[in-house]
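Just one chain is shown here, as structure tokens, and it is the form predicted on its own.
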Amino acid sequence: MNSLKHSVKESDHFKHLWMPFTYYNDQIENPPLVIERGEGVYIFDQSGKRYMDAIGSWWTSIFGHNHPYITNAVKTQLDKIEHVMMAGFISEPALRLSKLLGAILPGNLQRIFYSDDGSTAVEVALKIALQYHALRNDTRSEFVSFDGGYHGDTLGAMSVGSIPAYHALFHDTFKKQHFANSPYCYRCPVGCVKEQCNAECMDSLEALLQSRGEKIAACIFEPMVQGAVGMRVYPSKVLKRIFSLCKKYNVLTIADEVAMGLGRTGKLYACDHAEQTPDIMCLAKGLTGGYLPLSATVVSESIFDEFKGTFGSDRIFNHGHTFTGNPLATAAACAAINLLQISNIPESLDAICRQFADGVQAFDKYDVVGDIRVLGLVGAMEIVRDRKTKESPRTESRFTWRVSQKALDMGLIIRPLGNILYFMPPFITSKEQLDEMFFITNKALKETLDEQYTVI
């Protein structure tokens, strides 16, 4: 343990912290690094040591850290006003963002409701769907989602999530919705082979809609990639069938593009892979380039029409957040949207995406890598004990965590998701930096495998 970690461990400040997604013993034995600054794809701790941020600080820093264009936009706004409530008032950057975002939204998605993060964007979407049906004198009040889905950590968002470690306790206590099979190609729930798949996994969705369709307000899904469960990439034909079934049974579609929207998958929106537009879409994470919390729930004009009311009617969306449309956050988002267009994203990423895919695929040489998943600048490998049986590693081996700790010591951040090692590098990552990322990961993986006590 280096001296910096000792200083944090012994600090009076550290004893007051409750770290997210972190076991207490881990934070004692491996105290958090104190990060002083960032530059491009790198962050630097107080000792000056450099780390490549290969997961974009929880998938947000799409243009890297401390990008001068976004930084200047926030600094300029800070000299004007830091916040104004969005009730009878609106700041210039919040107004400008609605125009910039509106110009790149797909199909007829034109109405934008701002909130704070991905979870609150989902809460807004669920509430809009419920109230939309109520305003139409329709009693639909249930939702359908998918096993392995993750839509946030607030109670409404958790009700449509289905990752046992995150949700089981709360499903036993609070409302639980309906779940169709996960489109998990490596461990197909209906035994299909990827090359011969006809989206049979979505038969479970059709069965649910057949039995409860008249009660289902909306279907919420992560298009093309189920993220937090382990970057489960699935074929566009599956996404197309989700849209087709929802249309057949007159069920609203909510696309959770919080993680995969705005160029991450090689398309501007993940739904573009299926050439479909949802009724409601949630955006966050990369929306501000990782600078400040901001999300957007966008809906079609036909949904918004139901909320056009006069005083005294129930045609009003009584929902809001203290920092809705915050001027600093929306200024950052305006800069990020401008950068997307100036940089011609996603088209300009084609070459780096090809190199990235080749680099991730190269990990197939390891016997412990059971599956490789790549889409755009999302890459993952699933670690197994046995390729033939697809048996998962023993929980107590903590193999992927040990690999990530070795990588961290070597200057690379690749936080694992269970038995999955994954990469989500910034759009600005260079060829040389990708080579560095894969070199360190290979070294960390090989060293972990070579350790005498390694039992996966």
Ligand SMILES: Cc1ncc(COP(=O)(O)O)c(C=O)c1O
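So that there is no doubt, residue numbering starts at 1 and follows the sequence shown. It should be emphasised that the depicted structure is a prediction, and the values quoted were computed from it without experimental measurement.
What follows is about the form predicted together with this ligand, which we do not show.
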Can you tell me if Leu377 lies within 4.5 angstroms of this ligand in the predicted complex, counting non-hydrogen atoms only? no
Within a 4.5 Å heavy atom cut-off, is Tyr150 in contact with this ligand in the predicted complex? yes
Within a 4.5 Å heavy atom cut-off, is Ser162 in contact with this ligand in the predicted complex? no
Though only this chain appears here, would Lys285 touch this ligand in the predicted complex if you measure heavy atom gaps against 4.5 Å? yes
Among Ala335, Ala125, Cys271, Ala259, which has any heavy atom within 4.5 Å of this ligand in the predicted complex? Ala259
Can you work out which of Glu206, Asp117, Glu200, Glu306 has a heavy atom no more than 4.5 Å from this ligand in the predicted complex? Asp117
Segment assignment from 99 to 107, 69 to 77, 151 to 159, 324 to 332: heavy atom within 4.5 Å of this ligand in the predicted complex: 151 to 159
At 4.5 Å, heavy atom to heavy atom, what parts of 55 to 80 sit next to this ligand in the predicted complex? List them in sequence order, or say none. Trp59
